[in-house]
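To begin, one chain is listed below as C-alpha cells, in the form predicted alone.
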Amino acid sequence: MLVVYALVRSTHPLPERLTGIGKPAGQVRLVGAERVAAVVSQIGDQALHDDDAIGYLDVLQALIENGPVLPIRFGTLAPDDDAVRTEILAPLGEQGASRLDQLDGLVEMQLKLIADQDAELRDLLASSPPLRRLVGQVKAGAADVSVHISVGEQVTQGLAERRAALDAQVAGRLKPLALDHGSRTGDDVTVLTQYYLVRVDDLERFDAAVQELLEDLGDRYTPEYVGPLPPLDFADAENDLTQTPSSETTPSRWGW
C-alpha cells in the first residue's frame, strides 16, 4: 500500500533520505507521468493516526524547498503505482501541471491567535452593563435556569463578536501583503486561525508585518506562527485535486 502526499513536477528533486509516515517509515519517491508526479511512500496495513499528520506535514515542508507542491489530502492511500498513475495522474491531464505553475514561488503562512479567556471575559463584561448584572445574579445564586442559559448564550455571542473583530483587524494588517487569505473559526470562540498565500520573495516583509502585529496585540494573545508551508488551504478544489481516489483508499480524516 502507498501513502500519497502531494503532486509535484516530474523533475522535482527529492531531498536525500526523506522518509514518510508509518512504521517502519518507507522511502519517499516519485510516481511520474509526463509532466506531473505523485509523491508516495510504502506503508504496511496499519491504520493512520492523527500523529501521522505531523510526519505528513514534515514531508510537505521538505518538498517545498525544491519547487511548487500541491498537497493531496492526508490519509489518501493507493494500492500500487499503477493505481496512482491511472486514478490520480491520468485524470488530471494538463490541469495538474498548470496548477503547479500557478503555485510556483508561493507558500502558505498560518497564524493562530489564542486569546486569554479571562481577559476577554473582563472586557466583554465591562462593555455590557446588562450582561454584567446578569452575571452578578448568577454568582449571587439569585438567578433561575433561564438566566443561566441566557448568560451562557450572551457570553458565547459576545466572545464570537470579539473574535470577528480581531479577524478583521488582523486581516486588515496582513492581507495587503498576500495574494489570498482565509480564516478558520471553530467552536472555541477564543481561538482564531488565519492562513495566507504569500510570494516567497515577500516572506521577509510578511514576517516583519506579523511580528509588528503581535507586538501591537500584546501578551493577551498566545500566537502560533507556522510556515512556509505548501498551499494546504489553497489547493484547487474545483479540479478535485485533493479528493481521495477510488474505493481502494481510506477516506480522509483530515480537514484539508
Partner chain sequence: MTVMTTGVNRAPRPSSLADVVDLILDKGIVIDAYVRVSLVGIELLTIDARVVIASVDTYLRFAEAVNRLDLQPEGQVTGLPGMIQGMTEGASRSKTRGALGGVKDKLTEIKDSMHSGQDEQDDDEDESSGGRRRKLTIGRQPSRQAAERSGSTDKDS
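Numbering follows the first chain given and starts at 1. None of these values were measured; they are calculated from a predicted model. Rigid core: the largest C-alpha set superposing within 1.5 Å between the two forms.
Heads up, the form predicted in complex with its partner chain isn't pictured, but that's what we're talking about next.
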Q: May I ask whether P13, A33 and G93 all come within 4.5 angstroms of its partner chain in the predicted complex, judged by heavy atoms?
A: no
(Q) Can you work out which of D180, E161, E153, D101 has a heavy atom no more than 4.5 Å from its partner chain in the predicted complex? (A) E153
(Q) Since only the chain is shown here, I'm wondering whether Q61 would be in contact with its partner chain in the predicted complex (any heavy atom pair within 4.5 Å). (A) yes
Q) Quick one: is A165 in contact with its partner chain in the predicted complex, heavy atoms, 4.5 Å cut-off? A) no
Q. Does the 4.5 Å heavy atom contact test between S41 and its partner chain in the predicted complex come out positive?
A. no
Q: Look up in the predicted complex whether L232 has a non-hydrogen atom within 4.5 angstroms of its partner chain, and give yes or no.
A: yes
Q: Taking only heavy atoms into account, state which residues of 50-82 are within 4.5 Å of its partner chain in the predicted complex, ordered by sequence.
A: D50, D51, A53, I54, Y56, L57, D58, Q61, I64, E65, L70, P71, I72, R73, F74, G75, T76, L77, A78, P79
Q: Using a rigid core alignment, state whether the CA of L131 is displaced by 2 Å or more between this form and the one not shown.
A: yes
